[in-house]
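Quick setup: one chain, the form predicted alone, written in structure tokens, and binding and motion questions come after.
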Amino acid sequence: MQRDKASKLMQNLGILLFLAPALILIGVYIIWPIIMSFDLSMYEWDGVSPRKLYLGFKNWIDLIHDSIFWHAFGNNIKFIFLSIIIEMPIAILIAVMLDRGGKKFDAFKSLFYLPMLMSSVAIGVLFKYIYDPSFGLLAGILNFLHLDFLNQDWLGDPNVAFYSVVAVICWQYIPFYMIFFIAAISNIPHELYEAARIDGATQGQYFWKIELPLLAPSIKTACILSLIGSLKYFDLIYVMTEGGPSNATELMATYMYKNAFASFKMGYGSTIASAMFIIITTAGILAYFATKKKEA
């Protein structure tokens, strides 16, 4: 009995020893910065001076009354909605087409995945040139098709800029979900397809009645990933518009960055970061339990 307890204790210590490097890294680079963000949200600090002025909850009160932050939050909500309704259907469609094509379409899988391999900064700079209203590729195509009346300042018009950038983000991330759904489709037993074909089901009937319902858990997971990613997104928005024009493309992450590192309001920037942590964590937990409840 004592020997079994000692053996189990040694086994647990061995597991802890192997986990220790990962736990230390998570603690130092994830948990500790979160704690520090909440701590800094109580101060007024420029990020450079050794002196910090304690403000209590003043930064949080200012955040509650900050119209730009709530506008940015609204943009994040729109971004979630647009990402899901654009990326998921297109990714599923491409995944189904590539799966139906078999090995003949393997080259297209690599080709379609290329946008995901490109740097977000490179994509942002590239599309800034494409969207240029005078000399951009898009303007040239519209002029060639005699549709120049549709041309406009894609990144300079507050009514259009947000949707222009979202289109580029969707273009970059559709390949990620494409691969995700290809993997999910490959897990569907081929015997189901053979049985459906023997029963006289068409490709469309097989997709809607068999394939899509079996993909439902993967679709839910992809939607949760898209939700969390959209709430904390930063890269292309900042590269292409920096949240402008007139805060039209401002997101919570870009607003946090500009306050903390451009305006040197590290305390207020930490408040925004902490609020983002609360919002993203709450949204992720609610989405997870909502999908689990439906499955049950």
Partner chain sequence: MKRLGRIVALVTLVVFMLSLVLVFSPSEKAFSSAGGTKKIVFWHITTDAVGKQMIQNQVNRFLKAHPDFKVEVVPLQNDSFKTKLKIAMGSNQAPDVFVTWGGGPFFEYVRAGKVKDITAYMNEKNYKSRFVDAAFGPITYNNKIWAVPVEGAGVALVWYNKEIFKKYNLKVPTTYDEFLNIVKVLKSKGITPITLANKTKWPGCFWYWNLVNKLGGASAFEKAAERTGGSFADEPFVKAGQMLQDLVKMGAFPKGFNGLDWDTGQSRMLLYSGKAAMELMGTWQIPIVKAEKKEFYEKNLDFFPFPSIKGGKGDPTSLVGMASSNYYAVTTTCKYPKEAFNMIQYLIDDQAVKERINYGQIPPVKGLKFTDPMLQKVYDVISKAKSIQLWWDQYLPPQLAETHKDIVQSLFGLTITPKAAAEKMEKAAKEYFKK
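Positions refer to the first chain, counted from 1. The structure displayed is predicted, hence computed values, not measured ones.
Keep in mind that the form predicted together with the partner chain is missing from the display, and what follows is about it.
Looking in the model of the complex, any heavy atom of residue 205 within 4.5 Å of the partner chain?
It does not: once the partner chain is placed as it appears in the model of the complex, residue 205 has no heavy atom within 4.5 Å of it.
With the partner left out here, check for me: in the model of the complex, does some heavy atom of residue 65 sit within 4.5 Å of the partner chain?
Residue 65: no, not in contact with the partner chain in the model of the complex.
If you check in the model of the complex, is residue 261 within 4.5 Å of the partner chain, heavy atoms only?
Yes.
Could you tell me if residue 33 has a non-hydrogen atom within 4.5 Å of the partner chain in the model of the complex?
Residue 33: no contact with the partner chain in the model of the complex.
Picking from 152-160, 216-224, 184-192, 94-102, which part of the chain touches the partner chain in the model of the complex when contact means heavy atoms within 4.5 Å?
In the other structure, the partner sits against 152-160.
Just to be sure I understand the contacts: of 133, 89, 115, 74, which is the one whose heavy atoms reach within 4.5 angstroms of the partner chain in the model of the complex?
It is 133.
Going through 214-253 from first to last, which residues have a non-hydrogen atom within 4.5 Å of the partner chain in the model of the complex?
Residues within 4.5 Å: 238, 239, 240, 241, 242, 244, 245, 246.
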